[in-house]
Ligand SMILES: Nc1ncnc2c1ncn2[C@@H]1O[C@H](COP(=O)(O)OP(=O)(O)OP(=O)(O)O)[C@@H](O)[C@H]1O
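Presented below, as structure tokens, is a lone chain in the form predicted alone.
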């Protein structure tokens, strides 16, 4: 779906490609790179809505931050298609795919699955879906994830939500609600949160500097927290309405 749209866009713009390519050559850019730059900034684009990149929301937050519950409400309210990198990896394992055994062994050894593997699973879902608006939960976890997504998928997120929650609260939530791993305790939880902070903070800072990060105070009731989320999507309402199922 997505690639067909990109192909159509390049065909439509062929009449002006000669003059454009001369300018791109001067700056050492390819036509493909220029096109990727244009679609990553919807506000500057001139293509009809159906020819733009899909609407993408990244949702970040540590274990116990409550982002999972908020993802459900966002999907229900705005009709986004929910994708979880973790769920896709677990599905590969359960279905005994070519990469399933490798993914399982890496997880057992406490290692991180290569970004390219995770991103290609996400890319497959994005391209095979009839939807054109997505919420990607818990991704990107690292700068390597982020760079791989931009390189392979060729798109930037429109919105990045970060559910900010104090460490003590996240530890309490995971342990009291039994939401984490079976071997979780205070020590292991604090270790997990330190790793999350070290790996995810550069991603958070990157999107903050790009003006795409929205930090949510994740303390309070589910409804109170969601009240902070709703206004974030208000400027995108028209775009979300136009991002209907692909033709």
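Nothing here was measured: the structure is a model prediction, and the numbers come from that model. Numbering follows the first chain given and starts at 1. Rigid core (definition): largest C-alpha set, two forms, superposition within 1.5 Å.
If you look for the form predicted together with the named molecule, you will not find it shown, but the lines that follow are about it.
Heavy atoms within 4.5 Å of the named molecule in the predicted complex: which stretch among 68-76, 153-161, 123-131, 94-102? The contacting stretch here is 68-76.
So in the predicted complex, does residue 209 come within 4.5 Å of the named molecule, heavy atom to heavy atom? Close contact is absent here: in the predicted complex, residue 209 is far from the named molecule, nothing within 4.5 Å, heavy atoms only.
Can you tell me whether residue 222 touches the named molecule? I mean in the predicted complex, with a 4.5 angstroms heavy atom cut-off. Yes, residue 222 lies within 4.5 Å of the named molecule in the predicted complex.
Answer for residue 146 alone: is it within 4.5 Å of the named molecule in the predicted complex, judged on heavy atom distances? Judged by the heavy-atom cut-off of 4.5 Å, residue 146 is well away from the named molecule in the predicted complex.
Report whether the minimum heavy atom distance between residue 63 and the named molecule in the predicted complex is within 4.5 Å. Residue-level check for residue 63: yes, a contact with the named molecule.
On a core-based superposition, does residue 147 travel 2 Å or more at its Cα between the shown form and the other one? No, the C-alpha position differs by under 2 Å between the shown form and the other one.
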